[in-house]
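First comes one chain, alone, set out as structure tokens in the form predicted on its own.
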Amino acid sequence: MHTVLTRGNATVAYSLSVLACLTFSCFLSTVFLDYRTDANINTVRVLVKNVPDYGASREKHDLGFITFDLETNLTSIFNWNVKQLFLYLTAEYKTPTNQLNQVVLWDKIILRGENAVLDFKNMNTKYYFWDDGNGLKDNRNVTLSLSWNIIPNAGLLPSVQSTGKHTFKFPTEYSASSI
């Protein structure tokens, strides 16, 4: 005869093995899905100022101000294994001192069950668009792109970039107006 502890141990071990197999099967059912979708991004207003950066030094650095439109439908991304999406809008550009600059300008978390159709007009950036020098003025190749991290119930944490991008240029002169 087996004791109660031995029987309990066998029951718990078997249950955990079955749950692990079910979780792995659930992961396999969504791992090969394509989570990309199109996003329409447009800049409405673009300004650049040369202001002192009091956080690092007293030197003047470029600070960009943009307002943007964003339109996308993310409802097709949600399935039973997607718990939430972490969206972020990045600006990517090149300067003489750095070959690749990436700045996160805006982000948003969308939970399952929330409205996943985004139609924003004249949105301000959530974070400052600082350059570590003077690389924004007259920069003619700044690309905005929308990306998202998928937080699943089980499985990998994929990072996906939308198929739509928007390229714009900063003015050739610094703005003197207040924002």
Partner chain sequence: MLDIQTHMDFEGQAKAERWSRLIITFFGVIGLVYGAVVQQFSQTVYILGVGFLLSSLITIPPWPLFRRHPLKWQKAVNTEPKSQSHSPSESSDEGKKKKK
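Numbering follows the first chain given and starts at 1. Computed from a predicted structure; not experimentally measured. Take the two forms, find the largest set of C-alpha atoms that superpose within 1.5 Å, and that set is the rigid core.
Just so you know, the form predicted together with its partner chain exists too; it's not on screen, but the next bit is about it.
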{"query": "Full three-residue contact with its partner chain in the predicted bound form, heavy atom 4.5 Å, for 18, 25 and 80", "finding": "yes"}
{"query": "Candidate from 112, 36, 60, 126 lying within 4.5 Å of its partner chain in the predicted bound form - any heavy atom", "finding": "112"}
{"query": "Listed residue that, although its partner chain is not shown, lies within 4.5 Å of it in the predicted bound form (heavy atoms), from 153, 67, 40, 143", "finding": "153"}
{"query": "Interface segment, criterion being heavy atoms within 4.5 Å of its partner chain in the predicted bound form, picked from 127-135, 46-54, 143-151, 25-33", "finding": "25-33"}
{"query": "Contact of residue 157 with its partner chain in the predicted bound form (heavy atom, 4.5 Å)", "finding": "no"}
{"query": "In the predicted bound form, residue 176 touching its partner chain (heavy atom, 4.5 Å)", "finding": "no"}
{"query": "Large Cα shift (2 Å or above) at residue 159 between the shown form and the other one, core-fitted", "finding": "no"}
